[in-house]
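Just the one chain here, the form predicted on its own, laid out as structure tokens.
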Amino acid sequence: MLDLRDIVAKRAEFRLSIESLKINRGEMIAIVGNNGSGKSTFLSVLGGLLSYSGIYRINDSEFGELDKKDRHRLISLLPQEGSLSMPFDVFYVVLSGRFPLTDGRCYEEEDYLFTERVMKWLDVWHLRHREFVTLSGGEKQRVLLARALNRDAAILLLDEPLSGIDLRHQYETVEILKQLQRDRIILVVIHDISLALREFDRFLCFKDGRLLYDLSGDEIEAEHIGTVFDIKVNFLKHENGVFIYREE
């Protein structure tokens, strides 16, 4: 479980504030909001990349008191603009996601087998011998997502994991996350609100550095989305999901 209280974090002139938030294992949560609303800053705090004041606990342990290696084993973060410029092959890029699980010297057979399995999940196994830098944007994103999943962490923090990925792989990726969620906490920054309404259990809505709404999928309404994004919208609900359209 994640337990946050009175969290304040700053990045340059930007200020993030969260009064109270609890997240339990088994939840797949969409993080939504305008650009610059605090979504990535929030994940940076959870991932230990940004200092904060307040209380942040994981399973009753204060985050700041956890050993750095334990943090890396518990949490896997896919940043918004993850990239690699060195000429590594794709298999090594994904394999390196398991480094925090090793003794710091070498990988074991289990690491290689798990890496192969995850790469096949994300449909990047056929790219394993390619240099990462030669891939398309969507292929790079799927490889980096495979790297994040390869840690097999209890907490997955995914910042726009579907960005640049084609429609087929978007749906396949969401299905993989849904299969993984039972034993994990999964937080996903997402801009496709219709997809989020169809597939996610809970919504954390950020605006101007504040957690404005914390709502279940059944609770969220067009008025909430309109307030978050400063636009008047409506929902057209049908048996397969929700279509969102702008009202003039």
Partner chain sequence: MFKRKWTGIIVGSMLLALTALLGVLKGSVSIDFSALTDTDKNILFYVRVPRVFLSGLVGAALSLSGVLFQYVMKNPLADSFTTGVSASAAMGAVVAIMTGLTGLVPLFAFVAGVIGLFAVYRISTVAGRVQPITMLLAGIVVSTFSSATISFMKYLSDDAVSSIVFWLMGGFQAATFGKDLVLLFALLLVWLLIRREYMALDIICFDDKTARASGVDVDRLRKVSFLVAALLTAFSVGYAGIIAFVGLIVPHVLRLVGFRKADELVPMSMVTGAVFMILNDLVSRTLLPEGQELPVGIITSSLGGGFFLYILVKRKKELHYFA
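What you see is a predicted model; the values in this text were computed from it and never measured. Residue numbers count along the first chain shown, from 1.
Below, we turn to the form predicted together with the partner chain, even though it does not appear here.
- Judged by heavy atoms within 4.5 Å of the partner chain in the predicted bound form, the contact stretch among the candidates 174 to 182, 98 to 106, 161 to 169, 115 to 123 is 98 to 106.
- Shown here without its partner, the chain carries 72, 134 and 144, all of which come within 4.5 Å of the partner chain in the predicted bound form through at least one heavy atom.
- The closest non-hydrogen atom of residue 37 lies beyond 4.5 Å of the partner chain in the predicted bound form.
- Interface residue remark: residue 84 is counted as part of the site for the partner chain in the predicted bound form, having a heavy atom within 4.5 Å.
- Residue 127 falls outside the set of residues with a heavy atom inside 4.5 Å of the partner chain in the predicted bound form.
- Using a 4.5 angstroms threshold between heavy atoms, residue 49 counts as touching the partner chain in the predicted bound form.
- Contacts of stretch 149 to 165 with the partner chain in the predicted bound form, defined by any heavy atom lying within 4.5 Å, are made by 151 alone.
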